[in-house]
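A single chain comes next, written as structure tokens; it is the form predicted alone.
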């Protein structure tokens, strides 16, 4: 992953320009809702994917991205695509863990804490997730990881005991459970609402990547970021399966090629963005660094509890994924 952003963009657009679309088809506009701000690397990757498809199909399919929850809020995106309100969209994978525990495989604490391990875990889980999505009238196109998750606070925190009573932003089952086990108070807040939530005191802490904090300038409200590398959650882009079935084979091939490039480019961005955004948090005035020994030990105990709970809820399907992942290590 040593290409530059410009090179990746050029590759996407060159591939799109060389693609040959089927002729005579009626032009379609595909609105693509996305939960994160336009400046976020996931949204930037999605915008390039959209251009790749639009150019590659010679305008037969025009994908228009709607970042920042402007078309549908994050929690509503998947349902909107399932029901045909939007043909395509991007969503946080673990945001659906309440539907099926397998959706939360990427958020099992301290299971996959590096980009290499996250890639192996995705490879192990992808076939099962594709089948689950297919049963929900959805077709997976591509997935991109976030940088490793750390803990944000409005004060210095040296142990789990220091977290008690803090209002904590949750965005999936794992983060809500983390709050419960640390005696924090979970508050469900979408990505687009983070800045306002911290500014108004609705929340005072969260677990997220450096990129989310950087994009939302959380240093205006928060003071500390602890690098705990809890997990690397993923966003994924899906298309309504009925819409996909009605797409020509030629255009399907173009979309798949653009999706493959988007997954590569987005993952490269995630790696590069990790150091860049942590430096950005420091420049904003935050204290950024590894968690202390006591906090690490406390979190390890909590991680063991959450891992066991996930395995129990995910059943044989979850165990098979973990066994496959461990075999790759």
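Numbering follows the first chain given and starts at 1. The structure presented is a predicted model; accordingly, all values stated were derived computationally and were not measured.
One more form of this protein, predicted in complex with a small molecule, exists but is not displayed; see below.
The candidate site formed by 30, 61 and 248 is entirely out of contact with the small molecule in the model of the complex, as no residue has a non-hydrogen atom within 4.5 angstroms of it.
Of the listed positions (139, 209, 97, 182), a single one reaches within 4.5 angstroms of the small molecule by any non-hydrogen atom in the model of the complex, namely 209. Taking a 4.5 Å heavy atom cutoff to the small molecule in the model of the complex, the contact residue among 146, 122, 198, 168 is 146.
Of the candidate stretches 219-227, 254-262, 146-154, 73-81, only 146-154 has residues whose heavy atoms lie within 4.5 Å of the small molecule in the model of the complex. Interface residue remark: residue 118 is not counted as part of the site for the small molecule in the model of the complex, having no heavy atom within 4.5 Å. Though the partner is left out of this view, residue 36 does reach within 4.5 Å of the small molecule in the model of the complex, counting heavy atoms only. Of the heavy atoms in residue 108, none are within 4.5 Å of the small molecule in the model of the complex. In the model of the complex, the small molecule sits within 4.5 Å of a heavy atom belonging to residue 92.
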